[in-house]
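Single chain ahead, by itself, as structure tokens, in the form predicted on its own.
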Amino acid sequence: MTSYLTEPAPKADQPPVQREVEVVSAAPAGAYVQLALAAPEVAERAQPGQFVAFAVGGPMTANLLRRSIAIAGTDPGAGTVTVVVAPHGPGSTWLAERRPGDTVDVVGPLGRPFPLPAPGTTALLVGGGYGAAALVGLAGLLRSRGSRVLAVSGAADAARLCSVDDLGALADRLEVTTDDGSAGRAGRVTVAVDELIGESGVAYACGPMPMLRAVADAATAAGVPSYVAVEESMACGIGVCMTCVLPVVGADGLTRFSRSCTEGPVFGGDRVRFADVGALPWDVVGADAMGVVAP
């Protein structure tokens, strides 16, 4: 399997911090809620592709596990960090209900950021649903390095699109797709990816696993390096619990379970064994010790 890394996947320059921070603003964003947090130490450390982990439910809650959410943007000058919350279960719903003046306990920035291509490389950014928010900071950084930015934002319907205006302000070309045709072009993001991948020197994606697999496959077929920010559930966010592991092929050609929160959330798209996510492949390092045999 070919490695498409243009440079080693970077680690964070500075360690994460845990702070109780104030919610500066809360605004609806279609089916989601966008929160801005007064978190200057996180803002000055964060790089595109990293995430933060929130304690949810308040001091007496039974929700013991943190909720990990991608960083949508930072303003180091103002000391703010922005996230987009998709309310699903009780934890994320509680977080989406926070209002200006409320405080939340947050740890970040966590995880490895997106590797960057050579300055001037044309980049394709593909976001699915609220995953598009994680690409806004990357788009701005790439533009500052002289890259032409092509972007695709897709979702099931118009209400689930995210960060379309922000990406549109930064991208040289933006394509919007919805499964039901309620906004942009009807169809999945691949209708636009197939058109744009040939113009690109590198591809980045954040969104649901099936979309990440489709983008990675299209990039690999075109001979273009790709990086995907996975959305695996992260119970701890710091590499302890092992609940977010994925089968990933290393530089030596061997498959190991990699922790999304520490080795990721960004992986080379050609390295993730998407078909085996949620399974225990027979050839993963250590599988023999667990009694797993080849088919």
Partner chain sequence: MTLVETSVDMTTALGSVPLAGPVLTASGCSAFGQELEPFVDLATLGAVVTKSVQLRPRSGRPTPRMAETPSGMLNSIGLQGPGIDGLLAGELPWLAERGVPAFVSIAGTRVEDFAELATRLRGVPGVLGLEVNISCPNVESRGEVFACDPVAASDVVAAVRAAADPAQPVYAKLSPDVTDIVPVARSVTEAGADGLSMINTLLGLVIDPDTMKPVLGGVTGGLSGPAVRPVAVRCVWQVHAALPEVPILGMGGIRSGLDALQFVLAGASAVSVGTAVFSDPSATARVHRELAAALAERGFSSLREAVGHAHR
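Residue numbers count along the first chain shown, from 1. Everything numeric here is computed off the predicted structure, so don't read it as measured data.
From this point on, the text means the form predicted together with its partner chain, which you will not see here.
For a residue to qualify, one of its non-hydrogen atoms must sit within 4.5 Å of its partner chain in the model of the complex; all three of 234, 279 and 288 qualify. 245 is the sole member of 36, 33, 249, 245 with a non-hydrogen atom within 4.5 Å of its partner chain in the model of the complex. Mapping the unseen interface onto this chain, residue 18 counts among the residues with a heavy atom inside 4.5 Å of its partner chain in the model of the complex. Contact annotation: residue 239 falls within 4.5 Å of its partner chain in the model of the complex, judged by heavy atom distances. Its partner chain is not shown here, but in the model of the complex it comes within 4.5 Å of a heavy atom of residue 284.
For the chain shown alone, residue 107 is a contact residue for its partner chain in the model of the complex, at least one non-hydrogen atom being within 4.5 angstroms.
Per the 4.5 Å heavy atom criterion, its partner chain in the model of the complex is contacted by stretch 65 to 73, the sole one of 65 to 73, 265 to 273, 223 to 231, 22 to 30.
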